[in-house]
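The chain below stands alone, shown as structure tokens; this is the form predicted on its own.
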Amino acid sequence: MTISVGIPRALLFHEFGELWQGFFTNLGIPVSVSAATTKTVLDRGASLAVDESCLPLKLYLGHAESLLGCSSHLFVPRIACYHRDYYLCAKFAGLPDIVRNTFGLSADRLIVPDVDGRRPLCGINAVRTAAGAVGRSTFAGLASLRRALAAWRAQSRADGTAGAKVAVIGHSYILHDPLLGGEILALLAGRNVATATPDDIPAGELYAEAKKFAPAVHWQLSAKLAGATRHFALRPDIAGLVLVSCFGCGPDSLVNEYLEQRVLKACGKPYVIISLDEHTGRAGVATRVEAFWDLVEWRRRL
């Protein structure tokens, strides 16, 4: 059987997708990435997931399903954390089991490297698992990872926005998805509003700001949001802040309230918190974003 790897365009793909693609491509393995999110993909994911699932997880299942017919393997890493001081929420550790049980897949159709930034040998073991699943040696995997990391880091350094006026804060898998936060960024761009996101903050600075919330924030992705919110709240060139989350996210439901009371209200800048779910209408989001920007412009004229 010809080996090919499918990677769902959801969750941490929006942070590490280029790295993952580069790893398998350097090994000579064909890679398929699911297409950009559509309402059909979201509806399929929502129908497959249990009701308690958060919106990004429902979306992930929709993307995973779209790859089953064109890939011999699905790449679904089990990620506990990639920063030694924080944990990811439980869905990232349980994701391979959720995918396997949802679609009734055999274990050998999934490539499941364990990623835990607190374990010294975890990286080598993850490479051994991923390379071995496609019939390559650990040595070849390490060489492939080294090349992929160099390309990925060069791409990351090329990103960035200067002179931004509005900060749009949310998880990468929300902001980079065209059907979720991507629509908010497009609405602001349509009004010629420059924006900045957490991706524009160097990782060291982001986590340094996040440390100021310790030990109140335990989750790694929530810590990034907290660090970004504080960073943008203090920046004089940021005239307003948009905090975007998804319905059903347990950590966000706590941390967003904390940030509103401790940071957003205290900074004195206009802000809006937008929570999305599969029933959110485009018109409602547009109305809130436009009203927010009108407030920002009014405040700037005072």
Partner chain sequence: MGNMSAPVRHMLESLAVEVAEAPPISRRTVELGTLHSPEGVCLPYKLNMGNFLEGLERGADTIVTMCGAGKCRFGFYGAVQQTALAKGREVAFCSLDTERLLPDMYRFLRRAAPAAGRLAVAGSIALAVKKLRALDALNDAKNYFGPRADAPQRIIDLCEYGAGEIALADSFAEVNYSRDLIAGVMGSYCRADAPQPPRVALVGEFYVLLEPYANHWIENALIRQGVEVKKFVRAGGWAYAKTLLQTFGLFNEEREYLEQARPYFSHHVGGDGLKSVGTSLWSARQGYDGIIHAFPFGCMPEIVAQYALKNIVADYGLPLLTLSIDEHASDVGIATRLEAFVDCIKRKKNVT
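Note that the coordinates shown come from a computational prediction; the quantities given were computed from them, not determined experimentally. Numbering follows the first chain given and starts at 1.
What follows is about the form predicted in complex with the partner chain, which we do not show.
- Annotated contact segment (heavy atom within 4.5 Å of the partner chain in the predicted bound form): 90-98, selected among 127-135, 90-98, 200-208, 165-173.
- Of the listed positions (272, 48, 33, 267), a single one reaches within 4.5 angstroms of the partner chain by any non-hydrogen atom in the predicted bound form, namely 48.
- Listed residues 149, 216, 121, 189 were compared with the partner chain in the predicted bound form; 216 is the one with a heavy atom within 4.5 Å.
- Taken together, 57, 102 and 261 are fully in contact with the partner chain in the predicted bound form: each brings a heavy atom within 4.5 Å.
- Residue contact with the partner chain in the predicted bound form: residue 254 places a heavy atom within 4.5 Å of it.
- Contact check for residue 193: every heavy atom lies farther than 4.5 Å from the partner chain in the predicted bound form.
- Looking at residue 53, you'd find a heavy atom of it within 4.5 angstroms of the partner chain in the predicted bound form.
- Using a 4.5 angstroms limit between non-hydrogen atoms, residue 183 is distant from the partner chain in the predicted bound form.
- In the predicted bound form, 114, 116, 119 are the residues of 113-128 with at least one heavy atom within 4.5 Å of the partner chain, listed from first to last.
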